[in-house]
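Take a look at this single chain in structure tokens; it is the form predicted alone.
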Amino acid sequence: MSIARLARPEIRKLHAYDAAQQVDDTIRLNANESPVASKVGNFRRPLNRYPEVRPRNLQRALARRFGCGTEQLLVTRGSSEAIDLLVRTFCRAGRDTVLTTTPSFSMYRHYADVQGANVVEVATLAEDDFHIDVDAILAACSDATRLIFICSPNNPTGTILPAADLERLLELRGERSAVVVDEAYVEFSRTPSAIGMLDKHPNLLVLRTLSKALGFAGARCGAVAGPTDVIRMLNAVQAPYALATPVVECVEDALQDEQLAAAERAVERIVSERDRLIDAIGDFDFVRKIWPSEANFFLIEVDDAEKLMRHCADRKVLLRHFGGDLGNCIRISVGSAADNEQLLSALRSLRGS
């Protein structure tokens, strides 16, 4: 049975917006568009016309890249929009629950709070290298658990959920919950994408983004892949014309073979720099621990996080301190070789201060 039945009843009845017909090589007097084309920018499509309601060529290109069927994928404004769409589609305010691990990406809770959904967070422990415990997740589920968000590799810990554990979670929750795997950082990992499991597990949804490995954070483009009936519902919820023409053309160019090859080389450099940084930072006596990471960042614990943050900021290097349960832990994103050298120089001066 499809997990589409878990969606809010009003969403199951919802139809996608009936936009004005778009036909090439015709006079379009049906969409209240301006007849005057803007001279700003150098775009292949005129900006006085609405973009496609859903960019089909881009949808096909992303489906090829991620390894799923075209109808199994919806293009979104970054993977953050996909999170919002999923929570609005599946969760009734005050009744249904979003479950995630903690620490993890804060936007799962944010969008649940916006929707008025309940949130259950299953803690992962620093002393256990933030291992994601499937048994603990299963124990925390209830009949109200509509969505389970798993960030793998996890932000900010860099932890992955092994495929065997994910399969077990999918099988044991079955049609009772949709399991959403957020793979924003999967290109930096040795773990294959969960998209390969879509046809086997009808309760699986996978989030992907172009922000990290492709270096297109400013374009705000991502995707959600999953069962076709769920994708159709998300399509009905998403605003029409969600992707602007400049974004569509920019991403189309980014998905050309030579650009993808360049992105793969960039990922290799970032992973190499990540490993180099981890080795170098491990030599500082004020660093208590560095956790292994399969992302383009890693988490460290230091003696005094606030002091280190101030010291680095004074030297034009910004890091991320979360506080709370993460205490003196700091997340370090891997920059260019020059950026990383500036960080190491700041840390060396801290050791001598």
Ligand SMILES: Cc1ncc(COP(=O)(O)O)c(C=O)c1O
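No experiment lies behind these values; they were computed from the predicted model shown. Residue positions are given as counts along the sequence shown, with the first one as 1.
Quick note: we don't show the form predicted together with this ligand, though the next part is all about it.
Taken together, the three residues D96, R109 and S142 lack any non-hydrogen atom within 4.5 angstroms of this ligand in the model of the complex.
Note on the interface: of 182 to 190, 134 to 142, 160 to 168, 261 to 269, the segment with non-hydrogen atoms within 4.5 angstroms of this ligand in the model of the complex is 182 to 190.
In the model of the complex, this ligand lies within 4.5 Å of some heavy atom of F105. Using a 4.5 angstroms threshold between heavy atoms, T245 stays clear of this ligand in the model of the complex. Contact annotation: K212 falls within 4.5 Å of this ligand in the model of the complex, judged by heavy atom distances. Contact annotation for Q115: none of its heavy atoms lies within 4.5 Å of this ligand in the model of the complex. The partner is absent here; in the model of the complex, the one residue of Q72, S177, N155, T100 having a heavy atom within 4.5 Å of this ligand is N155.
Among the residues R232, H201, R88, R220, the one placing a heavy atom within 4.5 Å of this ligand in the model of the complex is R220.
Taking this ligand as positioned in the model of the complex, none of the residues of 258 to 292 brings a heavy atom within 4.5 Å of it.
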